[in-house]
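Next up: a single chain in structure tokens, the form predicted alone.
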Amino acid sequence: MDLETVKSKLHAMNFRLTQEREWVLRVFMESGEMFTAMQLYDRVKEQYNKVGLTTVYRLFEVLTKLRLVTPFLIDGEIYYTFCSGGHHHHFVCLDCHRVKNIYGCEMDTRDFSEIGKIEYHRMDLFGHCENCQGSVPSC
């Protein structure tokens, strides 16, 4: 999903996209990384010193409501990753915090009418990626 599409979705929610919020959004989308609010704030401050930490939190809140951002609780901290659209699940490395998207879902073909109408679902897998497996001590 491109920046203009995200901006139009934000405008549709009556979210005022100030210059500072757009800077945060650009850095976040262009990085392709997962961040805590403080990590993204520090990254944005390298280029744009007028951005406040509250701006980052507010943007994450709205993007999460739009399901454009997925939060993950890892070691007591909330990390956010940008989701560019389309139904998918996630594999999160507990060491390097990289996120890999997993497409294709058997849940989409199941009938849940006996319990209710499902609007959406989410499945996240946590483990150690191929790059980090060698650094994990064995039990």
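Not measured: the values here are computed from a predicted model. Residue numbers here begin at 1 and follow the sequence given.
The next section is about a form of this same protein that is not shown, the form predicted in complex with the DNA.
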item	value
Region of this chain that lies against the DNA in the predicted complex, out of 26 to 34, 94 to 102, 57 to 65, 107 to 115 [heavy atom, 4.5 Å]	57 to 65
Distance check, residue 131 to the DNA in the predicted complex, heavy atom within 4.5 Å	no
Proximity of residue 122 to the DNA in the predicted complex, heavy atoms at 4.5 Å	no
Non-hydrogen atom contact residue 9 with the DNA in the predicted complex at 4.5 angstroms	no
Close approach of residue 40 to the DNA in the predicted complex, 4.5 Å, heavy atom	no
Residues of 50 to 78 having any heavy atom within 4.5 Å of the DNA in the predicted complex, listed in sequence order	50, 51, 52, 53, 54, 55, 57, 58, 77, 78
